[in-house]
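Quick setup: one chain, the form predicted on its own, written in structure tokens, and binding and motion questions come after.
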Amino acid sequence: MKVLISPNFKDMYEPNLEIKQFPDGDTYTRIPQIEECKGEDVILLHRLYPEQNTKLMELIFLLEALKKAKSIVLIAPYLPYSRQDKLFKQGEVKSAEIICSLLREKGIEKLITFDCHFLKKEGEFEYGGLKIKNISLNKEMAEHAKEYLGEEFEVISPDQGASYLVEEFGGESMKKVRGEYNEGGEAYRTIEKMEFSGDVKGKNILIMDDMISTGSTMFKAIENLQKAGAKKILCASTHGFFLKDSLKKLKETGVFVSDTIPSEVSEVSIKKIIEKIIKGEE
């Protein structure tokens, strides 16, 4: 087996692939040990975010070079376009399905990722013809939260789509209703309302979600819990994008994420899980 490591995994491992840009912005990739990959099982570590469109193109080039490998398993901690698995308006496309189909067509036997948005639970799946192993970090996040909240706290998800993250802890989910897409150049659906019927008065609360993008969902959840009398509130997510200055605002309440997407509040590491995968133990 051959393990190939992209430069965007350098926070965990020493890269052994070359990825650069030409002066005009075009992508350059090179696998120095390509001859050693022929007829071998390959595990490729490559992040697909941020700059997801560029990172996908880098991946396509790497896969083209690996056509003579026996098999390819991709470890991509966050799968971009995973939120676009449903059609809301005529003329849209299921981008998540397109990306998965493309990866399968380019030779990936299995994708290993973390808390994939459209899968809603941990396990083995097939989507767009691609085999996917979805690993959840909910246990790791709940355990880490004890450093902030102690042993006594309740776990809540800010919408029903993330309910699988909290169910095993006896946690409840808020009900979130989004409106239509905004006018203008940004595709964004505002939150019309968020409802929660649980009793949180005087309790410490961990809000757990699969991703934090602009933070709008977390902000609304925090507001609701504060009104309901929660004692202390902490936010946690597998993937932290922290767009639109949301990290600065969330730090006022308390927030941490994993290092699927490295950030200054990445406090839960996926490195040990990846090492188990490479050893065939996961």
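Start at 1 with the first residue shown and count on from there. A quick note: this is a predicted structure, and the numbers were derived from the prediction, not measured.
The form predicted together with ribose-5-phosphate is left out here; the points below concern that form.
ribose-5-phosphate in the predicted complex is not approached by residue 133, whose heavy atoms all lie more than 4.5 angstroms from it. Within 4.5 Å of some heavy atom of ribose-5-phosphate in the predicted complex lies at least one heavy atom of residue 83. Residue 188 belongs to the set of residues with a heavy atom inside 4.5 Å of ribose-5-phosphate in the predicted complex. Although the partner is absent from this view, residue 156 stays clear of ribose-5-phosphate in the predicted complex, with no non-hydrogen atom inside 4.5 angstroms. The single contact residue among 226, 214, 27, 253, judged by any heavy atom lying within 4.5 Å of ribose-5-phosphate in the predicted complex, is 214. Heavy atoms within 4.5 Å of ribose-5-phosphate in the predicted complex map, among the stretches 167 to 175, 122 to 130, 205 to 213, 98 to 106, onto 205 to 213 alone. Contact residues in stretch 99 to 119 (any heavy atom within 4.5 Å of ribose-5-phosphate, taken in the predicted complex) are limited to 117.
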